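First, one chain by itself: the form predicted on its own, in structure tokens.
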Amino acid sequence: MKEMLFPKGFEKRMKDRLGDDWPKFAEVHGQPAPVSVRINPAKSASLNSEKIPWTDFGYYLIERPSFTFDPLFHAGVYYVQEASSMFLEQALKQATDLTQPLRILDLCAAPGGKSTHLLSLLHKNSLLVSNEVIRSRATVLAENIGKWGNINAIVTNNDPEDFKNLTGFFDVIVVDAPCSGEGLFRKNPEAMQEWSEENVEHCSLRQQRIVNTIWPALKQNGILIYCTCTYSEKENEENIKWLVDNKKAESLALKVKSDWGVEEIHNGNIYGYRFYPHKITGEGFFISVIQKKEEQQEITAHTKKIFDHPSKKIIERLADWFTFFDDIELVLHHELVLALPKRYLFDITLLNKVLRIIQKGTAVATLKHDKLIPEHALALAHLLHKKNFKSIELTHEQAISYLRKDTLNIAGERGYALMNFKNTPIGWANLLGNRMNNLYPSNWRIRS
């Protein structure tokens, strides 16, 4: 077990706060971080592992496998996520009505843990806008959203300021705020090298600006879920107090089971929930739920121009590709056919005008003259009618070769076929009689 050398200012503050618990807190940082995953309930998955108590979908693993060489990981059957952050599920279940369609913004979403979790929890007729400021991280976010297989997600690459004109648009906004990262010292010791009192103060002010900027986009009585991976009161409780004191907002209490080990914070009219790694099996985390009480004008989503559409002939050909068709709208973006949720066409058109969208709905097919080439996202989508396509079951060795974008020695009747591993689609191939073309996306291939 290695000994952690914490920054002096951090150590003093935490010793003062934890008292006799400090040795346990320090000791756990010398131990390996627990490994946890969250399964995709829309895809066949089962784990014989210890469940994470505050979520229906999370499990602890005894050891960390090589996820890169698990085809089911690439198929979006599960997501590798830190256990504490899955408490988002409790915040959403207790503060919102998940039986109703909601419009939700995950503002700081990359790499996609909270967004994919939201997609598993929301009513099927909800709309999720999953945003990331940094373009390279937004690309990773889009990949992970695509793997999860939902049609009702939009991935954007925007600054918080770009949302302020979407007044009253969202029922829920999740702000996983950039922070000093104190809760990740065990997993990321480099974060300790970047820690300073000045950076904590800088993060606190930045978080206030982010929340203040995004606030108009939340409708009256809407829910803001604020979370960080830090212990600092400046970045947590003080920011919640600032929000409640300066806006017409109410901090909401959640029900937490005592055996979970979560610290409940109740300071005046402020409620929050803190996770310490010596009390729970997970990393440091903080979360708080705020309800907006002030009146808020709501933007109207109606607009004249909607989307271009494929020809009726193409739409009829594509109808058999889906398990359900009534709730989706097929639109044409250049040569790409997209499936969008029909009830949100006006909303998506509005978002298209205001935001920089890098992925919307599910990419179905590329149209080359009269030829339809199925898109990789469709292979992983819940709406795919798998029985209407040829399927080839791959061994683990074949699946890894496929994910490396190697050419497999597979022959068969000409046409597009699903490549499956354990009866789960991982992509497409074009069978050409005595050979095949591997259609796995080049930028996603396993490179090791």
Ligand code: SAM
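Bear in mind that the values here come from a model prediction, so they are computed numbers and not experimental data. Sequential numbering from 1, following the sequence displayed.
One more form of this protein, predicted in complex with the named molecule, exists but is not displayed; see below.
Does at least one non-hydrogen atom of Asp176 fall within 4.5 angstroms of the named molecule in the predicted bound form? Looking in the predicted bound form, residue contacts with the named molecule include Asp176, since a heavy atom lies within 4.5 Å.
Answer with yes or no whether Glu182 is in contact with the named molecule in the predicted bound form, where contact means some heavy atom within 4.5 Å. Result no; Glu182 lies far from the named molecule in the predicted bound form.
If you check in the predicted bound form, is Arg137 within 4.5 Å of the named molecule, heavy atoms only? Because a heavy atom of Arg137 falls inside 4.5 Å of the named molecule in the predicted bound form, the answer is yes.
Can you work out whether Glu235 and the named molecule are in contact in the predicted bound form, taking contact to mean some heavy atom pair no more than 4.5 Å apart? No, Glu235 stays farther than 4.5 Å from the named molecule in the predicted bound form.
Considering the named molecule in the predicted bound form, find the one stretch among 373-381, 206-214, 249-257, 70-78 with heavy atoms no farther than 4.5 Å from it. Heavy-atom contact with the partner occurs in 206-214.
Can you pick the one in Gly361, Pro160, Pro310, Gly168 that has a heavy atom within 4.5 Å of the named molecule in the predicted bound form? For this set of options, the contacting one is Pro160.
So the named molecule isn't shown here. In the predicted bound form, which residue out of Gly282, Gly112, Pro341, Gly146 has a non-hydrogen atom within 4.5 Å of it? Exactly one listed residue reaches within 4.5 Å, namely Gly112.
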